[in-house]
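Next comes just one chain, in structure tokens: the form predicted alone.
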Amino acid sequence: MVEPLSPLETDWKPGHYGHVANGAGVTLSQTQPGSIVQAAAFAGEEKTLIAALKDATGLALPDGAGAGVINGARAAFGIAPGRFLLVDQAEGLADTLSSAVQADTGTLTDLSHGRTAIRVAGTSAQWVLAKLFAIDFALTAFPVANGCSTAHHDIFAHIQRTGETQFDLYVFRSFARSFWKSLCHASEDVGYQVK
């Protein structure tokens, strides 16, 4: 299989930038999950959808926007009431889910080729993200596995905390370069590494 070109291709420059005299405060990288799928329940079918998603993926999703779960190469979180974003490092999650979710339960949308996944990790990750989004990124307010849907100006993003000092962001592919430049600029004061 041919790897798809990254929308960040022309702006992707590995190295150290900003104020790195004391080391990089964050590491910025692009992850390339094989599958990104949105699942949305029809009214009254939320619990049925959650059960179907668990049967198909092993992910025991809590019911509610923001709540999430990570299990090995798979992760998921609520992006709105009855709506979830599921990510798998392997391809084919949309096909797996379409076999498990009944047509009268909800809808599935394969977003794999429409989103760019960016990871922000390091001791200053919360600080950098707080410059871009009006969200409390403290671990007590935004625990590991939880996520949210938000926007930086007109750039919509899904964010999931995937570690104590690590966040995975999913942005529209067409806005990825613009968002990347904003993210790099926001990281300059703490120093950042692109890898």
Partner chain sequence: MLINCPYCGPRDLSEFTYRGDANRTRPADTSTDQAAWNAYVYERVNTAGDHPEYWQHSGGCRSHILVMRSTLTHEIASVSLARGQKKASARRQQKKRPARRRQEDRT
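Residue numbers count along the first chain shown, from 1. These numbers come from a predicted model, not from an experiment.
There is another form of the same protein, the form predicted in complex with its partner chain; it is not shown, and what comes next is about it.
- This chain lacks the partner; the member of Thr57, Gln126, Ser149, Ser35 within 4.5 angstroms of its partner chain in the predicted complex by a non-hydrogen atom is Ser149.
- Proximity to its partner chain in the predicted complex, taken as heavy atoms within 4.5 Å, picks out 128 to 136 from the listed stretches 128 to 136, 25 to 33, 162 to 170, 49 to 57.
- Contact check for Ala90: every heavy atom lies farther than 4.5 Å from its partner chain in the predicted complex.
- Shown alone here, Ala73 lies farther than 4.5 Å from its partner chain in the predicted complex, counting heavy atoms only.
- Mapping the unseen interface onto this chain, Val101 falls outside it, with no heavy atom inside 4.5 Å of its partner chain in the predicted complex.
- At the 4.5 Å threshold, heavy atoms of Ile79 reach its partner chain in the predicted complex.
- Of the residues in 38 to 66, those that come within 4.5 Å of its partner chain in the predicted complex through at least one heavy atom are, in sequence order, Glu46, Ala65, Gly66.
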